[in-house]
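Below you'll find only one chain, the form predicted on its own, shown as structure tokens.
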């Protein structure tokens, strides 16, 4: 048995928390700017410029969390890194292509001649859509244990669609917060539609997860283990009702509470993530490899932890600084 003072116990657990936290922050932060890109076809040219301006100062910082999460997996759980990326090689490749398309389009849509602006707008949308769908597909295959069957593939496609809609929802709440007037009202309408895609996605994942293994089923439904999970669906239902009620009353006079939908949407993502973490722990590769089996040697993890104590605060500080300096409503995005 492991004890709390055993490095072979607490070091893998610590790095699992750090990796999970990095993934969660990435999903929320890059999720909203991917969602803004997915919403591009529903906006006119002036609105697209304002939407780009709303994410302009942040999107680079947001993607840093993905690099951190993959880096932690590589150095702390190399066996799991090999198994997961081998199984998900194609969707990971497509996601990276999508992220590259977004980065290139972000710069070129402003600097290219006006005649090519629509082209780069379309590239930005396509990159956002491709990245979102790829991430959703990877999530679905991960839940299904990384085994490719027709049933698992179909579930992964369904998850890809729902995650993309979920990203568009949190993206719409971000636009509500960062804009005003007509675009803000339009974003409220986008959020009203997107919230149901997010609810359906959470429902589909919740229905499938306990069927993946007997162990997860028992954690969900056997007493007293079920009591640990019970608050999550209850709080999620409350948040959904609260969000829907809030969206019915927006936008409010004086722009009061325009940030509230984004905060509640973030909390909804956090609850969904906590449910997954509870379900799959201690496995990093579902039902195949635990965090303790996949972890590097304790000596290596301890050295990596020292470096993480310097790197992680720097990333957190940079992220907080960016969101503090560029708080408030989005204005015209200029490069001169």
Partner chain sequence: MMDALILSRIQFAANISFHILFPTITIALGWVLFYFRVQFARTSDQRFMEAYMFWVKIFALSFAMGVVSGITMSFQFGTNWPGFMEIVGNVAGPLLAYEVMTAFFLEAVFLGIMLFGASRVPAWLHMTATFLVAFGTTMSAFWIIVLNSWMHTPQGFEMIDGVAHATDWWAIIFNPSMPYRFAHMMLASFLTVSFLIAGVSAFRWLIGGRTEGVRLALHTAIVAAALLIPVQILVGDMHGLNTKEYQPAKVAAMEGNWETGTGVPLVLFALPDQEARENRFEIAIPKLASFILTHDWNGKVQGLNDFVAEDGTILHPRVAPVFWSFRVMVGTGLAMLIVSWVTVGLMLRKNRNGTGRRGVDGLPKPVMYGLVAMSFSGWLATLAGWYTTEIGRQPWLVQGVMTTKEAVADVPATLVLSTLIGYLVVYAILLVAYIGVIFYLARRSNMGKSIEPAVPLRPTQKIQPAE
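Numbering follows the first chain given and starts at 1. Computed from a predicted structure; not experimentally measured.
The next section is about a form of this same protein that is not shown, the form predicted in complex with its partner chain.
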{"query": "is_contact(residue 65, its partner chain) in the predicted bound form, heavy atom dist at most 4.5 Å", "finding": "yes"}
{"query": "Heavy atom of residue 70 within 4.5 Å of its partner chain in the predicted bound form", "finding": "yes"}
{"query": "Any non-hydrogen atom of residue 113 within 4.5 angstroms of its partner chain in the predicted bound form", "finding": "yes"}
{"query": "Non-hydrogen atom contact residue 60 with its partner chain in the predicted bound form at 4.5 angstroms", "finding": "yes"}
{"query": "Segment that reaches its partner chain in the predicted bound form - one of 82-90, 222-230, 154-162, 193-201, heavy atoms within 4.5 Å", "finding": "82-90"}
{"query": "Selected contact from 238, 126, 263, 97, since only one has a non-hydrogen atom within 4.5 angstroms of its partner chain in the predicted bound form", "finding": "97"}
{"query": "Candidate spot 75, 303 and 326, all three touching its partner chain in the predicted bound form (heavy atom, 4.5 Å)", "finding": "yes"}
